[in-house]
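The chain below stands alone and is given in structure tokens; this is the form predicted on its own.
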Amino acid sequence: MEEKDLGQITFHGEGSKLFGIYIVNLLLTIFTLGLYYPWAKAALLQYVYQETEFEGSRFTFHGTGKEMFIGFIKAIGIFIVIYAFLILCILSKQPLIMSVGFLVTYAAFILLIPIAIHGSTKYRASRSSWRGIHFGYRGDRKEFLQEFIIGALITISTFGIYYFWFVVKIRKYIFRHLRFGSVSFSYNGGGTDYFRLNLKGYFLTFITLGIYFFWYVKDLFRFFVDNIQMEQNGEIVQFRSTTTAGGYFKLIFGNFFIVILTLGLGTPWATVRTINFIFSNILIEGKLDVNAIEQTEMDYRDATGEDISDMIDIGLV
């Protein structure tokens, strides 16, 4: 039995190496008219994972360009069908049919959001591992769709007020169904606390002409991180944020000047600074019996949700 007090995740990536990957990816993507994009994303994720270390072992991303390309083609097919339907409705030049076309298209894009979140989380988790043990996501697509649609409708009917409870509820669902082998996750944040945090952040940022913004983003990061837990045989492992407003100030302004002064060429260095900032400000407290972790998750290679999330610009941490 090897129980360990945990610490921090460390990122060893370098801006120069990431820059090389960016350049190769950019040139090949342009040369292939965009078809290389899935391989480009796989190469980027593989580099980030292999440069990320926890307790002396690196993470591994097992996804491949081929898997993502198949998902890429499926995602393009879905978008072609949606836009083809809209174009046909517009070409009819009948107001009623055109209105139905816009309504159906809008509804289709709304439905794609939970499908993308569910699919990309399932794919990314399944293709991620540490010490040979894979992560997994056991959420049910139909159940998640129902949760999302109900939450979205309540948010609309309350003129956006329910949004804060909606976000927390979705996060709770995802974490509740995440696994790292036989280790489970949970998220304990509350919608009311999230609402108060944002209300305070909006108000103070406004009256201080933006100065409070750095404390606001620090509080947001802390809210999301501090409510994450892992559980193994009744033992709780707690995540904790150590971010400061000053740290965010240095990160944001530093990245801004790096990117602007290099006309975008410094983006890889800004990315490395951001990843280092995130990992260096998350403590993982508690004991984990690493030898008792068992492989429990099934393989999942459908990257369609991953590619849809890219096309509608849904970011995953």
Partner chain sequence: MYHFNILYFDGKLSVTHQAILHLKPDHWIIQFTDQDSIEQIVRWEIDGIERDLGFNSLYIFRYGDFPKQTIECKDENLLVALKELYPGKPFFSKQINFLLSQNTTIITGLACALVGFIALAYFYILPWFAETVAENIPVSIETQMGETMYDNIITQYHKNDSLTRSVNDFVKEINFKTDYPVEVTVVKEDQMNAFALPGGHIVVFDKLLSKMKTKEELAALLAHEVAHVHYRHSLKSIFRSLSGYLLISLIFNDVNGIAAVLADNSNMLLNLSYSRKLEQDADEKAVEILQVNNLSLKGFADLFTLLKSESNDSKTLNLLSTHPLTDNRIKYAKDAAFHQRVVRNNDKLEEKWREIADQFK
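Model, not experiment: these values are computed from the prediction. Numbering follows the first chain given and starts at 1.
From this point on, the text means the form predicted in complex with the partner chain, which you will not see here.
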### Task
Have a look at 73 to 81, 127 to 135, 101 to 109, 146 to 154 and name the one stretch with heavy atoms inside 4.5 Å of the partner chain in the predicted bound form.
127 to 135
### Query
So in the predicted bound form, are 23, 36 and 260 all sitting within 4.5 Å of the partner chain, heavy atoms only?
yes
### Message
Residue-level contact is defined here as any heavy atom of the residue lying within 4.5 Å of the partner chain in the predicted bound form; does residue 291 satisfy this criterion?
### Response
yes
### Query
Should residue 62 be classed as touching the partner chain in the predicted bound form when contacts are defined as heavy atoms within 4.5 Å?
yes
### Message
Can you tell me whether residue 19 touches the partner chain? I mean in the predicted bound form, with a 4.5 angstroms heavy atom cut-off.
### Response
yes
### Query
Hey, in the predicted bound form, does residue 58 get a heavy atom within 4.5 angstroms of the partner chain?
yes
### Query
Of 69, 279, 249, 47, which residue is found within 4.5 angstroms of the partner chain in the predicted bound form when only non-hydrogen atoms are counted?
47
### Task
Note which of 176, 196, 93, 240 lies within 4.5 Å of the partner chain in the predicted bound form, where distance is taken over heavy atoms; exactly one does.
93
### Residues of stretch 23 to 45 in contact with the partner chain in the predicted bound form (4.5 Å, non-hydrogen atom)
23, 24, 26, 27, 28, 30, 31, 36, 43
